[in-house]
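Listed next as structure tokens is one chain, alone, in the form predicted on its own.
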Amino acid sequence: MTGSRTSTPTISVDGVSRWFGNIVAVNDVSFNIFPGITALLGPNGAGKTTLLRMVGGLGDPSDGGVRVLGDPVRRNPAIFSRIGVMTEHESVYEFLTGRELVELNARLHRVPDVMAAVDEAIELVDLAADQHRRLGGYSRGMRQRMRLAATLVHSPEVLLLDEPLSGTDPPQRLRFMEVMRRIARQGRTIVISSHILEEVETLADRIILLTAGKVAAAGEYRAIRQKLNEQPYLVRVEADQPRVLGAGLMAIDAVESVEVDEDDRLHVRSREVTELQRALPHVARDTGVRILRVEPLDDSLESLFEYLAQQQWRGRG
């Protein structure tokens, strides 16, 4: 873990809602964020971007309030110099060099020593050797890191990064994460939105799950993974005698249900994942069935969101 917990939150979101006409994008959300790295996770349409915009002072809540570094964030120009926002979509002029992009942002923020600040930001993201190349010739990962340098150039205490790892390959992702850790060790607060749990599992100190505009769960990675393990687990099994295997699996306590789809593949549902994994080869051996393929269908963040959303709706009934 990279951050240290203090008694005063850096970001405080209190009963925040945001609606657009009849569409509720964020619904009565409350949480506190402390120094370190916090991941805001949710599928598309969960309200992540809307929430980040309100935290960054770029949009008004319809209800509730947001405070950053102890102050209200909306219509408070003094706080903007302490916040860095990196949007999801690339907003760069490809004819600019990397250094020119960072320098432009430094001048917009009226940084006292522009050249020194630009040098420091570019060095932090490890792109000094490429700073004079045009952005149009950068890879996706390099662009994201140079955009990060532009976001960092005025030394903000709070960083809000909307899907910064989108479209990056594994090596680019690792380099970006290392930069994040380095910044977090300086005592800054970083909020990263993502829709992929594994993308931030080794990076974030804390994870906040959003679904349908509400907080579905919050905690360390282990707590979120436990939520995933609590949901009914679904696997698809292909075998040479599917109905024979299905009958054998129904005798196992760990199995809740077995269905055969139109392609003669088994869909096995269980809440005891480990026990199911152990029992499957034994049942196949005892019934004389040859297993051709086993594929998990539910070990994903999307399935967790769906499960948690179902629990929320049931709780309202």
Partner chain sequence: MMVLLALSARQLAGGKRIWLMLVLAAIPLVFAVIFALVETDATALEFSDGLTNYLIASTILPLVMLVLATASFGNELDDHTLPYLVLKPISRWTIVAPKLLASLLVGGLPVAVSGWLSTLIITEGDAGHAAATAAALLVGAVAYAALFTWAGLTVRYALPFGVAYIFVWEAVLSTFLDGTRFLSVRQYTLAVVHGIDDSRLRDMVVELGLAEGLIGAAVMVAVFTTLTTRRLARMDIP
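Throughout, rigid core stands for the largest set of C-alpha atoms superposing within 1.5 Å between the two forms. No experiment lies behind these values; they were computed from the predicted model shown. Numbering follows the first chain given and starts at 1.
Omitted from view is the form predicted together with its partner chain, to which the following refers.
Between the options Val244, Leu108, Ala223, Ile196, the residue in contact with its partner chain in the predicted bound form by a heavy atom within 4.5 angstroms is Leu108.
Comment: its partner chain is not present in this chain, but in the predicted bound form one of Met115, Ala128, Leu96, Leu174 has a heavy atom within 4.5 Å of it, namely Leu96. Remark: none of the three candidate residues (Phe31, Asn44 and Thr49) comes within 4.5 Å of its partner chain in the predicted bound form, counting heavy atoms only. Only one segment in the set 174 to 182, 119 to 127, 98 to 106, 208 to 216 has residues whose heavy atoms sit within 4.5 Å of its partner chain in the predicted bound form; it is 98 to 106. Although the partner is absent here, Val85 is a contact residue: one of its heavy atoms lies within 4.5 angstroms of its partner chain in the predicted bound form. Residue contact with its partner chain in the predicted bound form: His89 places a heavy atom within 4.5 Å of it. Residue contact with its partner chain in the predicted bound form: Arg147 places a heavy atom within 4.5 Å of it. Within 4.5 Å of any heavy atom of its partner chain in the predicted bound form lies no heavy atom of Arg67. Residues of 21 to 56 lying near its partner chain in the predicted bound form, listed in sequence order, are Arg53, Gly56, the criterion being any heavy atom within 4.5 Å.
In a rigid-core overlay of the protein, Met142 has its C-alpha displaced by at least 2 Å between the shown form and the other one.
The Cα position of His132 differs by 2 Å or more between the shown form and the other one after fitting on the rigid core. For Thr151, a C-alpha deviation below 2 angstroms is recorded between the shown form and the other one after rigid-core alignment.
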